[in-house]
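First comes one chain, alone, set out as structure tokens in the form predicted alone.
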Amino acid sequence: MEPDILELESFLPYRLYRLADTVSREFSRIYKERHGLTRPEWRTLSGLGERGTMTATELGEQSAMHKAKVSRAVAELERRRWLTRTADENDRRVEHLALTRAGLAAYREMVPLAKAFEGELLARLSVEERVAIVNGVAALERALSCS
């Protein structure tokens, strides 16, 4: 008897990964062209832009990035003077990260571009498909407790 074969092209986790990667790469062209940012740098910039001050650990959890990627992104944004680090008063091993004025300006410049990208992406779908994808993703997030 032949073992079962997993057809990756119809395996939902594989399809979701490929779709997320494709969408992320397409959007990355915008921030790469505008600011020369990598995906981890964008995720760091956008996380801090949305939430304000965060630790590297919080950034990693929020963005699902490995701590090494967070560390490199933080170092690059700091080199650009887009980010500052402040030591925690109670635990010197912890640093609080925040955007500088220049970092916040770059973030604010990107927000309308990100929203336009999302709008253009969703405009490729019918109204019914948009509702289905938004609801389907939300349902999976709830089911996997990642929202």
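So that there is no doubt, residue numbering starts at 1 and follows the sequence shown. Small disclaimer: the values here were computed from a predicted structure and weren't measured.
There is another form of the same protein, the form predicted together with another copy of the chain; it is not shown, and what comes next is about it.
None of Ala87, Ala105, Ala68, Val111 but one reaches within 4.5 angstroms of another copy of the chain in the predicted complex through a heavy atom, and that residue is Val111.
Taking Ser46, Thr55, Thr38, Thr100 one by one, only a single residue has any non-hydrogen atom within 4.5 Å of another copy of the chain in the predicted complex, and it is Ser46. Proximity of Arg92 to another copy of the chain in the predicted complex: non-hydrogen atoms within 4.5 Å are absent; the residue sits far from the partner. A residue is said to contact a partner when one of its heavy atoms sits within 4.5 Å of a partner heavy atom; Glu33 fails this definition for another copy of the chain in the predicted complex, lying far away.
Although the partner is absent here, Lys115 is a contact residue: one of its heavy atoms lies within 4.5 angstroms of another copy of the chain in the predicted complex. Taking non-hydrogen atoms only, Val127 never approaches another copy of the chain to within 4.5 angstroms in the predicted complex. Counting a residue when any of its non-hydrogen atoms is within 4.5 Å of another copy of the chain in the predicted complex, the hits in 34-65 run Arg39, Trp42, Arg43, Ser46, Gly49, Glu50, Gln62, Ser63, Ala64.
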